[in-house]
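Okay, so here's just one chain, in structure tokens, the form predicted alone.
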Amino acid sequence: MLWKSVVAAAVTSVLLSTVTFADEVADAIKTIQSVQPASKGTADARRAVSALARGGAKNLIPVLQGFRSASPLAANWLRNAFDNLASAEAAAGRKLPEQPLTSFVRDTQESPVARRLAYEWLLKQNPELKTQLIPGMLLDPSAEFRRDAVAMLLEQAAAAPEATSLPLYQKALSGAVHKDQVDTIAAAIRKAGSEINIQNHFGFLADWKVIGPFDNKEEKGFDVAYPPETELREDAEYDGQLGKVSWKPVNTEDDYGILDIAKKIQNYKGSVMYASTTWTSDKDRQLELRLGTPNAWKLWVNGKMVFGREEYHRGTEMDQYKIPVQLKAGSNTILLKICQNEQTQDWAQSYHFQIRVCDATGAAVSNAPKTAQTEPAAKGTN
């Protein structure tokens, strides 16, 4: 029976060493996830990266999984750990484990950053994986993978006969979240004689009520809480910069939702304007408001200030600012304060903004139909 005891002891030893190894890997990853700015935890993180490197290829997937709970700083450390592991395998002439890494790339519950990292390393040893993986990523949670899938369809559409290219462009549109790609698609669809609503595709907010101007001479108005910041009453009338002011409806038909105050209303110099609208959600959800403007601004959602920036005429582009917001089921009030200064240069005359509602990939989320159960908009911004 001695041999049975020996075998049992050996099995126990293997199991214990496996558990110990797994614990060491988990501890190393937690150490990296805990790294803080200003070099706090840097020495421990460096030791953890070295410990993971000693484990070899079997640590590749655990490191990638660690991205799920990692801050951007910790993700950089984990990227370094993964790169070290993958580079060591390549230097030794060994291939990365393709099947588990491919499965990881396909897992949309994992970190988009980690999935992309694994994908790029896989392509180095097997470029054909691109044609196997990317076509299925048109609606992926990763904006980068979606871009690749759209690009592949655009190549196919450009090479296809004109009579058969339109369905390919329309399919590409369903996953497109980048302006340059949508511009290309829109031009092709319109050339083919079909319609496309870019505003709806991106989720731009086109219908607003605007009030002002209020005083921003010498740029003092940014920090002044004018009445719309404390109450939102559609029938209100206040003393403004040039006399009495009240809320007026205004909308934009611009493809990219630009509401040009200077052209639609007036380019009031040294002024503050407020714009308000509502967005209806079918449930509580975390989304993003994406804003573009060359002016100073503050933004409130349901009475809570979510972000602001006091900077004038730095430039503007779509999705210039990405603001995560928690929206409630029912009607959500969005209030924008937008400030123009008194500069007279030609390049300082822009007075406009664009705002859209989307998910983290940049895909639009539809404004739900209003119902009798929809909650009323917030009455104030306290």
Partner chain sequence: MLNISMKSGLAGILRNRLDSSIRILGLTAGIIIGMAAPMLQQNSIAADWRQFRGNDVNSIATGTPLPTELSGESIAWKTELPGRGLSGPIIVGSRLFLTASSGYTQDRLHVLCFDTASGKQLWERQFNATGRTNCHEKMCNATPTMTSDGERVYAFYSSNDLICLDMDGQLQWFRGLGSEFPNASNSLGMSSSPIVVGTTVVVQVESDAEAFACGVDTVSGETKWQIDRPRAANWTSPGMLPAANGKPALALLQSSKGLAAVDPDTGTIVWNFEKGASTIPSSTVVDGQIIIPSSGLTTLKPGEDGISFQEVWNSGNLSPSTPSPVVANGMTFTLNSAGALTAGSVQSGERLWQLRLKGPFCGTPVVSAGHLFVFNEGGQAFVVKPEQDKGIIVSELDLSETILCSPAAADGALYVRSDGHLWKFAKP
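The structure displayed is predicted, hence computed values, not measured ones. So that the term is clear: the rigid core is the largest set of C-alpha atoms that superpose within 1.5 Å between two forms. Positions refer to the first chain, counted from 1.
The next section is about a form of this same protein that is not shown, the form predicted together with its partner chain.
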query: Heavy atom contact within 4.5 Å of its partner chain in the predicted bound form, the stretch among 270 to 278, 155 to 163, 80 to 88, 132 to 140; finding: 80 to 88
query: Interface residue in the predicted bound form among 178, 233, 285, 171, criterion: non-hydrogen atom within 4.5 angstroms of its partner chain; finding: 178
query: The single option of 251, 76, 266, 103 touching its partner chain in the predicted bound form, heavy atom within 4.5 Å; finding: 76
query: In the predicted bound form, residue 144 touching its partner chain (heavy atom, 4.5 Å); finding: yes
query: Contact label in the predicted bound form: residue 46 to its partner chain, heavy atom within 4.5 Å; finding: yes
query: Proximity of residue 322 to its partner chain in the predicted bound form, heavy atoms at 4.5 Å; finding: yes
query: Exercise: residue 42 in contact with its partner chain in the predicted bound form, heavy atom 4.5 Å; finding: yes
query: Residues within stretch 23 to 38 having a non-hydrogen atom within 4.5 Å of its partner chain in the predicted bound form; finding: 23, 24, 27, 37, 38
query: Core-aligned CA displacement of residue 37 at least 2 Å between the shown form and the other one; finding: yes
